[in-house]
Structures are given as structure tokens and as C-alpha cells.
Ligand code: ADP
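What follows is a single chain, given as C-alpha cells, in the form predicted alone.
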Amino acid sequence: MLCSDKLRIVLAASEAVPFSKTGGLADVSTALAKALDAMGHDVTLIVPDYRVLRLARQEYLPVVSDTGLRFGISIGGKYVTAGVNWTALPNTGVKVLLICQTDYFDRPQLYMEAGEGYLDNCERYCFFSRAVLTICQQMVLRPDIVHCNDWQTGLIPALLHSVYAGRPGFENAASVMTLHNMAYQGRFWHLDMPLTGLDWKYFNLNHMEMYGDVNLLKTGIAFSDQITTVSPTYANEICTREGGEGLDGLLGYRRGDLTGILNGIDDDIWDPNSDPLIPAHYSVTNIDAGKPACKARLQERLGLPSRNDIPVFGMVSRMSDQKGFDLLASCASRLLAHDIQMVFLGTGEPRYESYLKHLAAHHPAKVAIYVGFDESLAHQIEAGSDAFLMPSRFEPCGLNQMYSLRYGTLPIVRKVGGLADSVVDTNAVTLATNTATGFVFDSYDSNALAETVERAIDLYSEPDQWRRVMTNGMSIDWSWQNSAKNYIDVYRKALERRFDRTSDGRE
């Protein structure tokens, strides 16, 4: 037996709600930590302390205290010192350690400003990765599993394999690397290699080098004991030339160690029966008790006519080609020829922000847009819309389609990644078998999107059929419990692989 049933798990991530967030990684980091804790495991979440951002929203956060620990790391030709703050996730046993280094993390944003990444991002996150293991050692965490997330923590598996191999406290530690989005890899010029603290011998095609650069995501894939990504379909996609973003060869080589696990959702936050951010509550058994009121309030808030006889199509998204905004722009006139309303929330490429503002100005009774982010409005769009648009070019997992299903809002999605794994198309067969949960199209084509939206408009005119599809989606359990069980299985595999490597001298 490699370890007891109770695992000591360190989750390392560059962001986690409620402390910091730019995307789904932040939601997943916290929700998985909570689910693993609920299963009885010892969980420590380690993130950077973006102190400026944290203090700006202090009223929403648990109390953060100073541990008193100080440490230093030689990096970039200097000795950089840092401290560690700590707190706990409310109503859990999850310990949160926040690495406090003002030069690296006290900035207005996490990774970039004005669309440009910080020039020292390699140094910042090499420091973070090295600090995670320094803290594990100095605080005697003795992890069984170090679970890393995306390129910002990709250095950690390599450090465990080399610098920390056999050190006290890491004798049995195995690494798991989760790939949330292959489009972001942490590629930096080769002269940043000394920042990693690793020998130049690892700067090679099999480990860290990619087209002459240091690639931190590749590093994590090459050295980790097990690899996961955020949906089964995406696990297959990233092993192809089209989806692998240049790393398909390495991922294909490690296919036996790669598992796709569909994310869950945090039902403490996303539950229409208790959500404090929506104007009326409802559940699968009493949809009419609240959803029409949520729709009317959404229309009122966004200045649209209050009409329940037409469908409202919502979208909460980064406004970019990846999210299908090019398709939407190509077919918007066709869609708006129908008696519908469309509501948008998000930020992104200026051309799409401007286009949607133009659309709203010319169709004030049909289109509303809020450029920016508003948490309450995001929840109200999920609750008040009839259907939710996610025509993504690629989507590793996606969370909004699961929020939508939970809120009785039919998702309209392209058949990629986690969207393919979580939404069942509405057609004659799935209606007859009562398995339909939304609308799915395949080709990345504006005509395919328009035809799918028109199918939804047609079904909306059949209230009984629409309700059946709504209740099917609302009845699915999207909680993190099942996902967390799958992660435990991966952790066990990682420990077995670690044991095999060390027992035959391959460490």
C-alpha cells in the first residue's frame, strides 16, 4: 500500500476564487479543493497573494493572516525574499496559503495590462513554482500529491523530479498536471532558463525546449506523473495536430497517462433555488415559481421590453474569435429578423465590443450589452435567459453551459471539448427518449449556428416540449463530487507511477 486512504494534497494554482480570478481556472481550483476536503482528504491550496486586488474586495473574503514564515530564493541574479499569508475556505478544512512577494504580485492585474503580458512573467511564475515547494518543505506539509495547474505551475513537476527528488518531506510525493487550455503555454526565450533553477541538460526536445524557447507547459507535461485535462473530448482533441497547439506529439506519447475529467460546478454558488444574486428562486419541480420573474427582471435591468412570449438568448463570455463571436457577427442580422432578444456580458477584442454596442444601438428593443464584468448580472443572465449561446471554436471544458443547464436555460453549443461532453442535442430521437438538454451543432460555420438558433426558436413555440428539455438539464447532477472521485483515481495512479519509478532506480 502506497499511502493511507487519506491523502495529503497540495493544489498549486495561479488564481483561485474568491482571492483572484481571470477565468475558469480560479473556479476550478477552489471548487476541487472543497470537494476533496469534503471527501476527508487533507487539502492545502497555494496561490500568489495579489495583495492589491485582494484588499480592493476585502469585504468579500475570509480573514487573511500572516503565518510569520519568511523565505528567500536566488533567481535572476538576485536573492528574492517573500512571506506567506494564510486563511481557510469558509466552512471547510481547506488551508489557503498566499505567497506574498510585492514586486511580483502587487500589480493591477494578474498576467497583463493593456493587452500585453508582463515582461517578467517567466520570472514571476518560476518564483511561484519554486516557492510552492520551498513552503511545502519549511511548513512540513509532506504532500502525497502536488497538483499543478497550467503553465504557471509547470515547473513544479520538473523540480520534484530533479532538485527535490529524495529530499525529506518529498519521498513519496507524486505530481499531477492539469491542462486547462492548451492555447496558453508559457513560452519564453531560452535565456530565461536559469530562472527555473534547473540544469541546462533539461533544455532539450523531450523536456523543456520548443522551437528554441523554454516552454513551461511542456515542462509540466514531460515531468508529471499523471496528466489531466478538463473534459474527455478535449483529452482526445489535444492529441491531434489541430488541438495540440504544437504539443500533440508529446501528449500522444503520454496518452496512457492522460485523463479527461469534466469539471463540475460549485453548487454552493450556482443553485437557482438559493442563489442570492437572482430576484426569485426556483427548482426543477417549480420552474414557474421563479424563472419568469427572473426573465422579467433581466429585461427591466437591461432596458428591454418585458415580454415572456419571445425567447431571450444570453451570452456571458470573453468577446473573442475563440468564443465564436466571428460566427455571431456573421449571422446576427439573420437572427434579429426573428422576434427574439439577445443579451451580452463580457469584455474582449475591441472590434467585438464595438460591434455589439452598434447592434444594441440599432436594435434597442432586441439587443442589450454590458461591457465589463458584473457578478450579479452574470447570475441574472443565467437565470433570466431562455437559452445560452456558446458557439466556441474550441472549449476545453466550459462552465457556463453547466450553469445554464442547472438554471433551466437551454445551452446552444458547438460540438467541441467539454461542450460535446455535457450537452445532448434536441432532435426527434432525444425528444422521444427524453434525453435532450440543449442544442448542438458541429461545423464552425455561421450558417450552422444560425440554423441551430432557429431550431431553438421553433421549439420555444412548443412550451411543453421546451419544458421537458429544461427539466432534463436541471435534473443532472453537476456537482464536484463525481469529478473529485475521478481525481482521486488519478492521484492513485500518480502514486503508483511514482513508486514504480523510484523502486527500479529510474528516479
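A quick note: this is a predicted structure, and the numbers were derived from the prediction, not measured. From 1 onward, residues are counted along the sequence shown.
The discussion below concerns the form predicted in complex with adenosine-5'-diphosphate (ADP), not included here.
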Candidate stretches 466-474, 440-448, 22-30, 43-51, one within 4.5 Å of adenosine-5'-diphosphate (ADP) in the predicted bound form by heavy atom: 22-30
Residue (of Thr134, Asn121, Gln101, Gln322) lying close to adenosine-5'-diphosphate (ADP) in the predicted bound form, criterion heavy atoms within 4.5 Å: Gln322
Among the candidates Pro143, Gly243, Gly346, Pro272, the residue which, in the predicted bound form, approaches adenosine-5'-diphosphate (ADP) to within 4.5 Å (heavy atoms): Gly346
Candidate spot Leu159, His207 and Leu217, all three touching adenosine-5'-diphosphate (ADP) in the predicted bound form (heavy atom, 4.5 Å): no
Contact label in the predicted bound form: Gly384 to adenosine-5'-diphosphate (ADP), heavy atom within 4.5 Å: no
Distance check, Arg318 to adenosine-5'-diphosphate (ADP) in the predicted bound form, heavy atom within 4.5 Å: yes
adenosine-5'-diphosphate (ADP) contact at Tyr403 in the predicted bound form, heavy atom, 4.5 Å: yes
Residue contact check: Leu327 to adenosine-5'-diphosphate (ADP) in the predicted bound form, 4.5 Å heavy atom: no
Residues of stretch 367-391 in contact with adenosine-5'-diphosphate (ADP) in the predicted bound form (4.5 Å, non-hydrogen atom): Gly372, Phe373, Asp374, Glu375, Ala378, Met390
